[in-house]
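Just the one chain here, laid out as C-alpha cells, in the form predicted on its own.
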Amino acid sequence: MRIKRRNIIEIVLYLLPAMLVIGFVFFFPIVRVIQYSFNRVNPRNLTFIGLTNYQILFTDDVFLSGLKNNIILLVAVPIIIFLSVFFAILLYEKMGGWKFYRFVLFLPYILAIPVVGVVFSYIFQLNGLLNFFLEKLGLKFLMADWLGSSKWALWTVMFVIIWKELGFGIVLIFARLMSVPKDLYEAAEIDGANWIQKHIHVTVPQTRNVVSFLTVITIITMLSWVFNYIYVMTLGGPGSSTMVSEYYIYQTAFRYHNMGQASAASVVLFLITFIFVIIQTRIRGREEVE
C-alpha cells in the first residue's frame, strides 16, 4: 500500500506543473467567460445582472441568424466524411499517380485560411474568375454573385471550408487503411464481394473509430472554427446571411464593447458544441457495444 501511495504521489507531482498550466490556459478563461455572462462588464467593475444578457441574446435576430447558419454548416460534416473515405480508398488502392494526388489533396489543408479566403473571394466575386470561365463556356445561366447574394453566400463559404478541411480527413483515414490487414480484403474477394461490397464490409468497420473521431472534429470546426473564413470573405454579409456565432461574438465584444453579451453568446456556443459532441460520443459508444 505504501508503494502504491508513493507512486500515486510521484505521478501527481510530475503531472502537477502541466495540469496547472492547462488549467490556467483553458479552464480559467472558461470560468471568467461564464462569470462575465451574468454581469455588465465595465472597465473598472462588474455589475451582476443575472440572466439579462441571455434574455437580450435570444431576442437578437442577428445572433439567432448566426446560430442557424452554424447549424446549416453542419451539412458539410457528412460531405467531408464521405469524400474523405472515398478519396482515401482511391489512394489506398494506389491508382496511377497516387502520391501526386495525395500531395494535391492534402495541400489545401496546410494553406493559411486568410490566404484561401482572399483567393476564393476573387474567384467567386461577381466579376471573378469563375463567372469569367462560365461566360466563355457559354454557361451564362450558371453565373451568379456567389458571395454578394444572400441566396448563395453561405453555401459558397461552405464549399471553401470543405475544400480546405478535406485533406485532413483523407490523410487520417488513409493512415488507418494502411494498417488494415490485407487478408481481410483478400478474404472478401474470395467470398465474391465486388468493389463496393468489399469496402462496405471491410473498410467501413475498420475505419469506424477514425471516422467517429473525424466527425467530432468536423462538428467542432463547423460550429466554432469558421470565424476566419467569414472575416476574410464576407464579414457576415450580405445582411446577416453568413453571420456565424463566432463573428457575432467578435463584433459584440470588440466593436460594440459589450463583453457581457459576448460572453453569454460564447457560453451558448460552447454548450451547443458540447451537446453535439456528447451526442456523437454516445452514438459511437452504442455502435461499439453492438
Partner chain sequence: METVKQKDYKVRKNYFAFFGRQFLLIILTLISLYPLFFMFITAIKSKEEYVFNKFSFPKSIAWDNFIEVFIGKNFGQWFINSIILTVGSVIVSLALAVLASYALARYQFKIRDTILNFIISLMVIPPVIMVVPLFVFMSKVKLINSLPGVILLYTGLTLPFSIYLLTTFFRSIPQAILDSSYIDGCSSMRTLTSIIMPLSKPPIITLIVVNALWVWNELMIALIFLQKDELKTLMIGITVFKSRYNINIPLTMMGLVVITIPMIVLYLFGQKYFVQGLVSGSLKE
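Residue numbers count along the first chain shown, from 1. For clarity, every value in this text was computed on a predicted model and none was experimentally measured.
There is also a form predicted together with its partner chain; it is not shown, and the following applies to it.
Among heavy atoms of Trp195, some come within 4.5 Å of its partner chain in the model of the complex. Residue contact check for Ser121: one or more of its heavy atoms lie within 4.5 Å of its partner chain in the model of the complex.
Shown alone here, Lys182 lies farther than 4.5 Å from its partner chain in the model of the complex, counting heavy atoms only. At least one heavy atom of Gln125 is located within 4.5 Å of its partner chain in the model of the complex. Taken together, Ile30, Pro43 and Arg284 are fully in contact with its partner chain in the model of the complex: each brings a heavy atom within 4.5 Å. This chain is displayed alone, yet in the model of the complex one of Leu166, Ala188, Met158, Ile219 has a heavy atom within 4.5 Å of its partner chain; that residue is Leu166. The contact with its partner chain in the model of the complex, taken as any heavy atom within 4.5 Å, belongs to Ile170 out of Ala153, Ile170, Leu73, Ile80.
Within 4.5 angstroms of its partner chain in the model of the complex, the stretch 103-131 places a non-hydrogen atom from each of Phe103, Val104, Leu105, Phe106, Leu107, Pro108, Tyr109, Ile110, Leu111, Ala112, Pro114, Val115, Val118, Val119, Phe120, Ser121, Tyr122, Ile123, Gln125, Asn127, Gly128, Leu129, taken in sequence order.
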